[in-house]
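One chain follows as structure tokens, the form predicted on its own.
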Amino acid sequence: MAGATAPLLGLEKKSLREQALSALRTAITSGELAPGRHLVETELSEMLQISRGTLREALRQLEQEGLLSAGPRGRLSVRHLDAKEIRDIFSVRAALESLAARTLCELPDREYAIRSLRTAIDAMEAATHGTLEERIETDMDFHRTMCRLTGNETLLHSWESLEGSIRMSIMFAGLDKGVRNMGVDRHHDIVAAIETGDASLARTTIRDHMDQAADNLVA
């Protein structure tokens, strides 16, 4: 664990579990904790300056999010994704977001949803010259917003359960490929399709978006 960067160098005494979750997520998605890395509780609890009980709570949450996987004897390690897993993740995303797009198309008044999605795209544009983390978060927020606007809590919860795996797919592919999927124009196409109210067009646009993203990440 030598040479760890700021996210793993101690926490304030407030909301320790949430801070531990945030620090560990950042360390994993930034590559500081690399795929396949076995996690040693004593090292992490000392580095984060939290109890092992609090650490275990955070690790359980990260396992549920798909960032960690359990091996023999329950030993946790940073999850490593292969090409098939990435394609599976994006296939499920396509199904969920196609449902979201169809639902938004069927709204009697889509104007609020369209405005909200364009605001999310504005945030993506503003983050173009920001950090990788900022770009990832604004991209994720666009897709999360699309699911949230449906008012379908089960849909939103299902999408959010994939967030860790989506971030891991970016780590698998590397910076250049990950950023390529965050192109603003590709997201304008989604909004334009939803704005037409044509559910078939919106679903097709989403599926093409996800197929292209998966192809790019595993190329």
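Since the structure is predicted, the reported quantities are computational estimates derived from the model, not experimental observations. Just count from 1 along the sequence shown to find any residue number.
This protein has a second form, the form predicted in complex with another copy of the chain, left out of what is shown; the following refers to that one.
**Student:** Counting only heavy atoms and a 4.5 Å cutoff, which of 43-51, 26-34, 187-195, 149-157 contacts another copy of the chain in the model of the complex?
**Tutor:** Comparing against another copy of the chain in the model of the complex, the contact stretch is 149-157.
**Student:** Tell me, which of T119, S77, T128, S91 has a heavy atom within 4.5 angstroms of another copy of the chain in the model of the complex?
**Tutor:** Contact with another copy of the chain in the model of the complex is made by S91 alone.
**Student:** M124, A113, C105, L99: which sits within 4.5 Å of another copy of the chain in the model of the complex by any heavy atom?
**Tutor:** None of the other options qualify; the answer is L99.
**Student:** Taking another copy of the chain as it sits in the model of the complex, is S69 near enough to touch it, meaning that at least one heavy atom pair lies within 4.5 angstroms?
**Tutor:** It does not: once another copy of the chain is placed as it appears in the model of the complex, S69 has no heavy atom within 4.5 Å of it.
**Student:** Examine E57 and determine whether its closest non-hydrogen atom to another copy of the chain in the model of the complex is within 4.5 angstroms.
**Tutor:** Residue-level check for E57: yes, a contact with another copy of the chain.
**Student:** Is A95 a contact residue for another copy of the chain in the model of the complex, using a 4.5 Å heavy atom cut-off?
**Tutor:** So A95 counts as contacting another copy of the chain.
**Student:** Check L39 for me: does it contact another copy of the chain in the model of the complex (non-hydrogen atoms, 4.5 angstroms)?
**Tutor:** Contact check for L39: no, nothing within 4.5 Å of another copy of the chain in the model of the complex.
**Student:** So which bits of 65-84 sit within 4.5 Å of another copy of the chain in the model of the complex, heavy atoms only?
**Tutor:** Contacting residues: E65, R79, K84.
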